[in-house]
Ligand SMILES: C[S@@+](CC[C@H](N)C(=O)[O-])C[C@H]1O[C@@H](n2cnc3c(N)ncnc32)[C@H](O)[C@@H]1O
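Before any questions on how it binds or moves, here is one chain, the form predicted alone, in structure tokens.
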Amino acid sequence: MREAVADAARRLAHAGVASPQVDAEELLAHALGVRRSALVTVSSVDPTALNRFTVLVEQRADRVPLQHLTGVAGFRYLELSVGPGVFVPRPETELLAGWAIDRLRPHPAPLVADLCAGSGAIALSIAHELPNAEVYAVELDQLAVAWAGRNADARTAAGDRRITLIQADAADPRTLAGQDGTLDAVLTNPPYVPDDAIVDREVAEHDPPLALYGGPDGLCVVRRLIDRAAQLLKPGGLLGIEHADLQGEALLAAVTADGRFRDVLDHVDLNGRPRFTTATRR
């Protein structure tokens, strides 16, 4: 087993995969049908599992996302189903979700919207960790909505409160119009990649373009979402928007310039890079 992992890690490193050792171990665990932590109890790999593992490694070397090969992505305390047609949730977004959960925890029954919800990662985490929350997840892309619905159904079966999933343009004033002025928090991981940005093959070839690109400066969709969030939030309601590491100043300025928010702050990720902007509705 150790030889198989070592060979796979070398193959993935040569292909430019950022975390070859971890990915090799995850793929072997998936081929064996066990968790990665259980690999320490495995001494040998049968030929059938080894063949599955070899195929998976070659696919990963061709830069197919790890999560597409295993079918799952971890996000805070959840395992979400992901695959072609939906944006794979990133660890950075966990910080935005955690920020909101910490601030909403004292609220007896918060009303929350996750705009551009993708797989439903933010919405489902809030519903899971704040059982009294009522959560709306809004997503435009039909394939992403299907993945979010699958994840929502799984969480309902596990006992979490069901979220309301809506297929619509999150920035359209008609979307959630009946909730204008009522929400306690609006959160979004929107498309914010500039149109001409160079991204990793995993992103360029496998993440849906609708979830990635946000115009020449990456903030075209974000500006519309700021306006929509201001309409949806009640006074004192919270806004949280993820952004690229070079957009912190620009997004902070855009939220401030709107005039309907106070306490506008930018936050860094675990690597110290600007990652998400927050504010409070006046």
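Everything numeric in this text was worked out from a predicted model, so none of it was measured. Residue positions are given as counts along the sequence shown, with the first one as 1.
The same protein also exists as the form predicted together with the named molecule; that form is not shown, yet it is the one meant from here on.
Proximity of residue 199 to the named molecule in the predicted complex: non-hydrogen atoms within 4.5 Å are absent; the residue sits far from the partner. The named molecule is not shown here, and in the predicted complex it never comes within 4.5 Å of any heavy atom of residue 153.
The named molecule is not shown here, but in the predicted complex it comes within 4.5 Å of a heavy atom of residue 189. The shortest heavy atom separation between residue 210 and the named molecule in the predicted complex is within 4.5 Å. For the three marked residues, 241, 251 and 274, no heavy atom of any sits within 4.5 Å of the named molecule in the predicted complex. Between the named molecule and the residues 116, 100, 133, 73, the one pair within 4.5 Å by heavy atoms in the predicted complex involves 116. Checked against the named molecule in the predicted complex, the residues 203, 176, 140, 95 give one hit for a heavy atom within 4.5 Å, which is 140.
The stretch from 101-109, 125-133, 140-148, 176-184 that comes within 4.5 Å of the named molecule in the predicted complex, counting heavy atoms only, is 140-148. Residues 87, 89, 93 are the members of 79-100 with a non-hydrogen atom no more than 4.5 angstroms from the named molecule in the predicted complex.
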